[in-house]
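Okay, so we've got a single protein chain in two different forms coming up as structure tokens, structure 1 first and structure 2 after it.
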Structure 1
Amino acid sequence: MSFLSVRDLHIDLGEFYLQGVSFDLDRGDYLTIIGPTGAGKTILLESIIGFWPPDKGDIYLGGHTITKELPENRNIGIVYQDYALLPHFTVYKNIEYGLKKKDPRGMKQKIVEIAEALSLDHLLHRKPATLSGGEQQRVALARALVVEPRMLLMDEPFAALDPQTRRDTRILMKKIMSRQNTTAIHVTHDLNDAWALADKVAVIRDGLLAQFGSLEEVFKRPRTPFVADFVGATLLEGAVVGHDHGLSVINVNGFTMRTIDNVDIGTKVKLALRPEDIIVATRPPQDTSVQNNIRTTVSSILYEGKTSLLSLTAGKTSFTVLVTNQSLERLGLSPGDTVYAMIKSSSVRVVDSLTC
């Protein structure tokens, strides 16, 4: 039996809503929810904790319905982007705040342990105003986790942090969540949060659950063009024209792709490619085991910090490649250059098929 079950959840708040959302989590799962602004991500969190009663549907936790339970009886923690710390309390008192409503025995030990786990033990005497954004966020997390909630919900918890602090906080988060085996749901706009922390991913669009599954399923086998675009994958369309040493051979607008997925000849398919799974070279590859080698043209280059995105075209087909700036400099690429895209057959995944 699943630890958390959300069943056919409908909520209508006018501008924001959910329509028929259903999914299951096991104990210890870490779910990231992604989707456009206004898609309904925060409503889903707040319905699970009990702030919004559903118009239809049920929520089960630990095998029992909590649909009509008051928020204070659900033992679910929630952390928002703005931390909501008590400014006149020390870090210790902020962490202690939730424990006062529970059994006080062993309180000090619990506070010290959670503070050490989140690298806050040297800050227990400080006030929130004297802390950095990353430190304040860790205090908010410690306050939520010290009461040992059945589940932890987080709404954009790292959004206000600088990139390095965000990376450091992810490392601490992964460590403590694994140690406590806490089930978590984390709303984010940063796909790196999902890559670093999640084992399950939900994509929400216009109040609907567009896709739910493992990190691998959602990011490497997106079901729709919207999901593919949102998670940074490229969808290609083609038809299976043959088989070669156990691989399906697919014609994609004049060039062929090979995939490990076994599909019947004549089947129309959609293929998903991840930008980080494509290698580029300025010369035709020699003596390589990579099954897909495609002659392409660089149509554009987008610089993004330490990495860059290349837009490549082959015939009428375009796809995106992620490269480090060091590799880009070494290759000396400019728009209009010819490059060869090398893609392993295991990185080309069929996400949809239709037999002709």
Structure 2
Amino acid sequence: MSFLSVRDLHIDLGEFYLQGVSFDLDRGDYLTIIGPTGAGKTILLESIIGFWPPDKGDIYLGGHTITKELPENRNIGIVYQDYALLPHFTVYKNIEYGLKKKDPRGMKQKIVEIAEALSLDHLLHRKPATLSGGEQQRVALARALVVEPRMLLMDEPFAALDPQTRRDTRILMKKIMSRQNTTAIHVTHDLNDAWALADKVAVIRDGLLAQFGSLEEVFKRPRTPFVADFVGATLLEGAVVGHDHGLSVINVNGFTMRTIDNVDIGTKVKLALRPEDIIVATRPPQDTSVQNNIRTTVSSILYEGKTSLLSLTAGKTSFTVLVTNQSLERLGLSPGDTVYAMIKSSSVRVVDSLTC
């Protein structure tokens, strides 16, 4: 049996609810949960930790059910977006709080160690109110990790941090989590958190688990248009019309694409494309290894910081491509231009197939 097993979890708190959520994690897994606001992500965390008893379903941790266990006996840590540090305690006392209850031997040594690992050693005597957001979040992390919890749950831990601090904390998190081999669940709105940290990804929508799988699976093979949209991929529909040297040839609304996935002729399929897997060229590409070179028209350009999203149209089909602003400028692209989209057959993922 897997380390954490959530089985058919139902819970109804009125405004927020979960319906039949099931998934499994192995020890040391890092799961990020993504989904729109109000989808039920936080109550999933809070029911795993034991604050809300489920109406139906079971939660197993380390092979035993913990569904009816009190939160204080589960040994699961939690870190919140607003840190929830105890304002009447110093940083040291905050970190010490859990240790004092669970394992008071050698407390000082452990606190000093974790404080060093999270660069908090110079802040131990301060009160939380005098710290920056990033520092407070590191204290919250230290407080949760110092007791060596069986699992760590985090509810949008980086949401209140500025972008630079967010990047730094992410790197620190990655280091400390792999060092302790902690099993973690991390709720986030920021896909970068998933890219940087996750082994597994769960997408929750309206209290239902829309998709669960490895990072690769969810981001590259989103199963529904909703998930595809949420993880920034494009879903295309087509039908397999032939095979060519082990590749499947798929007709998508007027043009053909080749994929390394093997599907029978005549099957209707959904294909997922990721915007960062596509290369654009202003002239018909020659002598490349790329199997799919599609003539398209630029329909719009959306600027996003250092990069831009090009929306390309071929026939009735549109998909997006991520390019750096530097390349955009060099190619001098503007809406209406003709470009060639180059897509490797290994980047064309079949996510769903229906035999006719």
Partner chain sequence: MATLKKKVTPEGLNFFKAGLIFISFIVTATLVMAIAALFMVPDVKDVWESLQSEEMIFSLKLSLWTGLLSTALVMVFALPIGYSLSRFQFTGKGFVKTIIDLPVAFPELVLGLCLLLLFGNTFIGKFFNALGLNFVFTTQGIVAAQFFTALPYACRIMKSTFDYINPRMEFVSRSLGYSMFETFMNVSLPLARNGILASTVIAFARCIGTFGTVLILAGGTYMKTEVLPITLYLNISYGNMGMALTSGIVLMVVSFVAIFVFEQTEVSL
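Here the structure is a predicted model, which is why all the values come from computation and not from measurement. C-alpha atoms forming the largest set that superposes within 1.5 Å between two forms make up the rigid core. Structure 1's sequence is the ruler for residue numbers, which start at 1.
Engineer: Identify which of the two structures, 1 or 2, is the form predicted on its own.
Structural biologist: The chain shown as structure 1 is the form predicted on its own.
Engineer: Quick check on H88: with the core superposed, does its CA move 2 angstroms or more between structure 1 and structure 2?
Structural biologist: Result for H88: yes, a 2 Å-plus shift.
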